[in-house]
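A lone chain, given as structure tokens: the form predicted on its own.
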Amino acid sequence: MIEIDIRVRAGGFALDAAFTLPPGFISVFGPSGAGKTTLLRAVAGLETPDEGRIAIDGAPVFDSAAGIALPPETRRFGYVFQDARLFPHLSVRGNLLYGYRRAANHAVRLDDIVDTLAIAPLLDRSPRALSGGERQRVALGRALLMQPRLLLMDEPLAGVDAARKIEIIALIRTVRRFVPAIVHVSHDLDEVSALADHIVLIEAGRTVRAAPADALLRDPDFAIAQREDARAILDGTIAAHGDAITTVALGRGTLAIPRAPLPRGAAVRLQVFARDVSLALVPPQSISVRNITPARIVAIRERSDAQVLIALETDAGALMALVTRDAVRDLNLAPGREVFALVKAVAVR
């Protein structure tokens, strides 16, 4: 378990953070200035809280009441900074070996990290000759080679272009097997949705909610409060491939998506935006939409004068639909009503 209960005061800013979550991928989400980086630096030991406790699997690295404050180098935490912070006087190989030589043991092999991150062609280059995405891959490799018991990532995709961002998100999901737990901070909900098992919501220096990612993202109140595009995330496995469609197994149901270059049985995370979900009272006939699934309305929330968010339960998992107030009235939609959810395959991310 990861236990954090700390207070940090710096000038006019105060951080009051408290949550306990199981190992996995934890994303700390909130706007700029909310205290995300301060929280991460306190966990790393780069900043000392005024009071509180930080413990991993019951072992404290900081406990003000017990007088415990382990220095950063003894905590066995890896840190990937927003700006990578590679050593400019070392080659890529030298930066990786710096992490490798500081590992308690070498259960994680250098070649495995190099192959997984696809950085073999970069080994003899200087950090100055790398793109932003390449620097972040090398920084991630260096941190993983230290074999940390906790990996900390501070806005690792800030400043990375959209194409490289998708690539690095896929790599981060792949390298999770090398580390027991990750705490990641971001203000980008797309990034958080793609990565997180749990989300810690932080606002104005206070942690206001900690919950499983799928539960938080499908909560219409969260989407409305954050003024973000409402979406659901669904974790499943590749079940079958057609000429242009891949079928993903999800819970007791399936979802058709554009053909994915993944083998059968591969784990996949899908993102379905509420704006891409339509509702019908009866299953439509002769329609191009590939996904038509029975659904039950769980909750209805007004998003604006004209728009309404509807939370749904289906055999494939929880979804949300964004519809007009007129549609709610004309279809007599209400919690408990049985409907059909329509999702275009090409809209699934």
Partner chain sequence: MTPLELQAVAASLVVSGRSLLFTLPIATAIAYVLARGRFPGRTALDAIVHTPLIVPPVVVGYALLIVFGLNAPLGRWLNDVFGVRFVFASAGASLATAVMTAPLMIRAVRLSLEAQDEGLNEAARTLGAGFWDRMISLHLPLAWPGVLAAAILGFAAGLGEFGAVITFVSNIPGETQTLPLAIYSALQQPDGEAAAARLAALSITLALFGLVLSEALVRYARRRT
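Since the structure is predicted, the reported quantities are computational estimates derived from the model, not experimental observations. Residue numbers count along the first chain shown, from 1.
We do not show the form predicted in complex with the partner chain, though everything after this point is about it.
Enquirer: Can you work out which of R41, R296, R53, R301 has a heavy atom no more than 4.5 Å from the partner chain in the model of the complex?
Expert: Contact check passes for R41.
Enquirer: Just to confirm, with a 4.5 Å cut-off on non-hydrogen atoms, which of A280, I68, V289, L46 contacts the partner chain in the model of the complex?
Expert: None of the others qualify; the residue that does is L46.
Enquirer: With the partner left out here, check for me: in the model of the complex, does some heavy atom of R85 sit within 4.5 Å of the partner chain?
Expert: R85: yes, in contact with the partner chain in the model of the complex.
Enquirer: Quick check on A274: any heavy atom within 4.5 Å of the partner chain in the model of the complex?
Expert: Answer no; every heavy atom of A274 is more than 4.5 Å from the partner chain in the model of the complex.
Enquirer: Residue-level question: is G236 within 4.5 Å of the partner chain in the model of the complex, judged on heavy atoms?
Expert: No.
Enquirer: Taking 4.5 angstroms as the cut-off for heavy atoms, does R259 touch the partner chain in the model of the complex?
Expert: No, no contact at 4.5 Å.
Enquirer: For this chain shown on its own, do H89, R102 and M146 all sit within 4.5 Å of the partner chain in the model of the complex, going by heavy atoms?
Expert: Verified in the model of the complex; spot residues all in contact, yes.
Enquirer: Among 74-82, 177-185, 162-170, 236-244, which stretch sits within 4.5 Å of the partner chain in the model of the complex, heavy atoms only?
Expert: This holds for exactly one stretch, 74-82.
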